[in-house]
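Just one chain follows, in the form predicted on its own, and it is written as structure tokens.
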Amino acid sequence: MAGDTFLNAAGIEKHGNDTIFSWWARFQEAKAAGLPAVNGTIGALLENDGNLAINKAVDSAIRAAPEQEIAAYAPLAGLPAFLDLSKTLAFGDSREELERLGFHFAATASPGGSGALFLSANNFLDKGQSVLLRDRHWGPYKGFLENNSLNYTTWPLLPSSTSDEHPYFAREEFETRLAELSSSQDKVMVWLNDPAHNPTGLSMSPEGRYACLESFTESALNNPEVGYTLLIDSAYSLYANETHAWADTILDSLEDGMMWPENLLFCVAVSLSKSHTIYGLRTGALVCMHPEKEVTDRLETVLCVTARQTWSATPRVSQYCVSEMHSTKEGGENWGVERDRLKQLLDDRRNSLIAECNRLDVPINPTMDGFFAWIEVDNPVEFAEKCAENGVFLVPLTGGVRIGLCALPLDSVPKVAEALSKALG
């Protein structure tokens, strides 16, 4: 094929177009042709008029940036004020209590949450090892892992049998996969996008999070020679009802007497793209927590070197402006008011979709928070094509179709439910 002379083996295997952006392009083509098309494809929050939703407090802070903060490099690890803020964005009010209990934190700035995921993939497993994911997950995870010569295995999004205790966590299947990895690898890493899961909008219950953490810590205690990393992808969590759900669960568990194994590392991939509506400024952080300061100090060095060798430095202006904004009570409150307004957009659309789907007997999956909803189907592409025939453009993925509530105008939600119903028929 063309270009094979110049490409290495890994490069030759890269082909195709991103599914999400290809279906977004199809929506744009339909719209340009004058058709009454509805956009449920893109993963960015839009106002009901179709324009990109902007947190005005963040926008004002960015526009007021001094020219030196716009043009200068940031330190390779990130601005100190931003690194401190990223720890609070990851752990919320629980951060102070966790520090009081003796935990230490490391933080490294990254180009969005994607950069944070790359940092973990590049450093926390050996080539050829597998990350444990839920079977419904954000598609680009696969690319991040493949580009670091890693594989993945999965456990189900939902349990096969109904559990009254934790209906949104497949504990038995999780423990089975964890045991398999623990017996075959000297390092184990889980990537868990919760709360406000992409692509379903599912949020685990407090009981489910506790059960997951308990299973993970027990496996670490039973396999002290294996290194365990639990990474929470928090891309959408600040639009959830429980914004710092995992930090709260960890704190509650520790206060209830849970032992924290020395071979367990807890990480949060922080993204400002959604929470602060600065997608294109590519700003995030990988925040790590461990009871030994020597460990977090070493991680800061390793992750900073990785950043330097990969993207050099994360953009300075967004780090500076967001840190300055959150450094004052007024700035934080202004951001919060805007965040609440944007969350209400999502809540209104989700509540409308659930009501319309109930009316039409459309079996969408449980969806609580964040940007998306989901319908499980055996033939996702065919199903999405049928929706498109009715003017509704969604994204077919493995096992189902993602409904981008973030992009849907509120008054278009009934049309989406009707398209889903017709596609099922």
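Each residue number is its position in the shown sequence, starting from 1. Predicted model only: the values in this text are computed from it and were never measured.
The same protein also has a form predicted together with a small molecule, omitted here; what follows describes it.
- Message: I have S114, N198 and Y236 flagged as a candidate spot, so tell me whether each of them has a non-hydrogen atom within 4.5 Å of the small molecule in the predicted bound form.
- Response: Result yes, every residue of the spot touches the small molecule.
- Quick one: from T229, S273, S203, S219, grab the residue that has a heavy atom within 4.5 Å of the small molecule in the predicted bound form. Spelling it out, the residue with a heavy atom inside the cut-off is S273.
- Heavy atom within 4.5 Å of the small molecule in the predicted bound form: which of H166, K142, R282, K187? Answer to the contact question: R282.
- Item | One stretch from 101-109, 337-345, 134-142, 153-161 that, in the predicted bound form, holds residues within 4.5 Å of the small molecule by heavy atom | After filtering at 4.5 Å, what remains is 134-142.
- Distance check, T314 to the small molecule in the predicted bound form, heavy atom within 4.5 Å: Looking in the predicted bound form, residue contacts with the small molecule do not include T314, since no heavy atom lies within 4.5 Å.
- Hey, in the predicted bound form, is N193 touching the small molecule, heavy atoms inside 4.5 Å? Yes.
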